[in-house]
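Read the single chain below, which is given as structure tokens and is the form predicted alone.
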Amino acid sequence: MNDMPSDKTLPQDIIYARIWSAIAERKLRPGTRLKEEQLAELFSVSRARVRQALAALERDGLVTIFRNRGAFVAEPSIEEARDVFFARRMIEARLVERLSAAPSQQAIDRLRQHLNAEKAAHLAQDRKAIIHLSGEFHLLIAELAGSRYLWQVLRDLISRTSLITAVYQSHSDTSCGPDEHAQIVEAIARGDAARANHLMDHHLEHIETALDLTDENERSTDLKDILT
């Protein structure tokens, strides 16, 4: 990777973000070993800087570091999966209620623009874009609701949802769909907080109930294939 910045110019948070995105987009499967030496070579940085990024990912629950074994993408348990969806229901109910209380036209326009991007991704069958935009829809609601703290909490929960989906994904599509998102947006646009709350809860329940605890899909665990 000769075009990568040097260790002096590549911040630790960029390494964090690249690995975070690979997890959120379900490229990095839970249980994948994150080898410091290989990551250092891929990003053209020192192992110390890679170690800092991995430590930050561990603090956010996305990576597990074992003494004398190294770092691995976290593997959420069934109980953790249920807790994540429970937390998302509570948080996202609050967010849609807050946004529905006084939705600005600018906020509605941004949500509808996002829906158009989701529809285009689905028409193009762009799996990477579909997964990315699905998570971004929920984060956009948090941003427009004006809660920086809940945005940060939800961001971590969404990345953990990606881990959960990677482990327990059924053969059916568990990605958020633009149709359900569109219904939520229209309820917000009408200022109908109760309806928006109900639709969001149903939407998250739909994602959770689509999970299959017995399914184990084969995915690449080669860091070079995933992160380049």
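Keep in mind it's a predicted model, so treat the numbers as computed, not measured. One-based numbering along the sequence shown.
What comes next is about the form predicted in complex with the DNA, which does not appear here.
- Using a 4.5 angstroms heavy atom cutoff to the DNA in the model of the complex, none of Q113, E118 and H132 count as contacting.
- The contact residue chosen from A187, L34, V167, M200 relative to the DNA in the model of the complex is L34, the criterion being a non-hydrogen atom within 4.5 angstroms.
- With the DNA omitted here, the record of contacts in the model of the complex names 34-42 of 55-63, 157-165, 34-42, 179-187, defined by a heavy atom within 4.5 Å.
- Residue contact check for S21: none of its heavy atoms lie within 4.5 Å of the DNA in the model of the complex.
- When the DNA is considered in the model of the complex, R195 lies well away from it, no heavy atom lying within 4.5 Å.
- Counting a residue when any of its non-hydrogen atoms is within 4.5 Å of the DNA in the model of the complex, the hits in 69-85 run R69, G70.
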